[in-house]
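Below are two forms of the same protein chain, given as structure tokens: structure 1, then structure 2.
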Structure 1
């Protein structure tokens, strides 16, 4: 697995569990953890790998992909700043079920499984923190499933497009906001529970409306205010239907 590492440890205060660690635990955390920088196209871990520890995303965007026995794969979800990867595999003492693909340059704090287990044994509050993280992830999954059933595909696509825009380096001037999609259209389709053909039709419709233009992977917003308003309308419509 290719990666770029820095020798210094991560500050426990930079993690979501910093508030439950005492001074000694923070020192142990700093000695046990390392910050790693990944470039787009790298993998943090691969499906089927033995889990060596947990990864706390400090910045960047990571896609989780799963493949079947026939070599077919689909992107399941996106992870970004504040998300934690690998903790379920550590707790369950099993292999990774997904591959973590780096989509944009990412800083990731890594802590070895053995060191983490030691901290969990020392600090019950930290163990509770992992339980709460599992519940948050479950709630997020349920919310995403509910949105696919109650929210129109175009509204979901616009929301995902804006999320991707927020997580990449975009160019902007007084008129246009421009960025390059960090994922392929087939991955966008998988994330939204749609077909690539459906995504293409939506893109054509949005271009006809003058809301956004697509040139290959390049996305061009000619009116960001109008785009944001369109997203808000979709959210309000879904809320009213619920």
Structure 2
């Protein structure tokens, strides 16, 4: 049940689809999908586009941005390894509601809408997988939204910093309490509903407090204990997401 589909270079794990794919499905999935690499700055799809299929992120970081007609925009959430994008448009038979911006070099597995629809018909249980996925995305977005509404910029920034740190912590645990931001300042700003200038000033304040140092994109936690203490709440919510 946790075998890996390999065909044309694709490597969607069965587990990524809600544990509902049997071997046959897995084979069909592999044949229905193909992989592509996106460079930073590219868009996987754009808000308003008609939907051509779903995208499963194998590696890298992708941001989902929502824009309005006035030119304002915000990045609603980050997607990474194991996340699936565009399924709402396929299943809901609508246009994409967000733009998927590639933030770091990403391997992405694509499955055509028609083929996915066929798979869904063949195996209705696959719907369960997407249902669970939708529920997780809903919870993530709700949590984000609530945080946005109730907490100040510094608290939101600290939380984001912590989440980004946790991501790499699992991968590289050699150098302690140091990591590189995978995104630019302006992306951080977009994620927090702020301006890059404000991010700069927040960083200044944090450095003055001796909480953390920034060298370009490198982040050095000078006092991890105080850092963790300052975040307090919100951690269990973040870790319970996955």
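Basically, rigid core = biggest C-alpha set you can superpose within 1.5 Å across the two forms. Numbering follows the first chain given and starts at 1. Computed from a predicted structure; not experimentally measured.
Both panels show the same chain in isolation, but it is structure 2 that comes from the form predicted in complex with the DNA. Rigid-part rearrangement between the two structures places its hinge, out of 114, 216, 142, 204, at 142. Remark: the rigid domain rotation between the two structures, smaller part against larger, is 30°, computed from C-alpha superpositions. Taking the core as the reference frame, the CA atom of residue 225 shifts 8.5 angstrom between the two structures.
Here the two forms are laid over each other by their core, and the C-alpha of residue 195 is off by 6.1 Å between the two structures.
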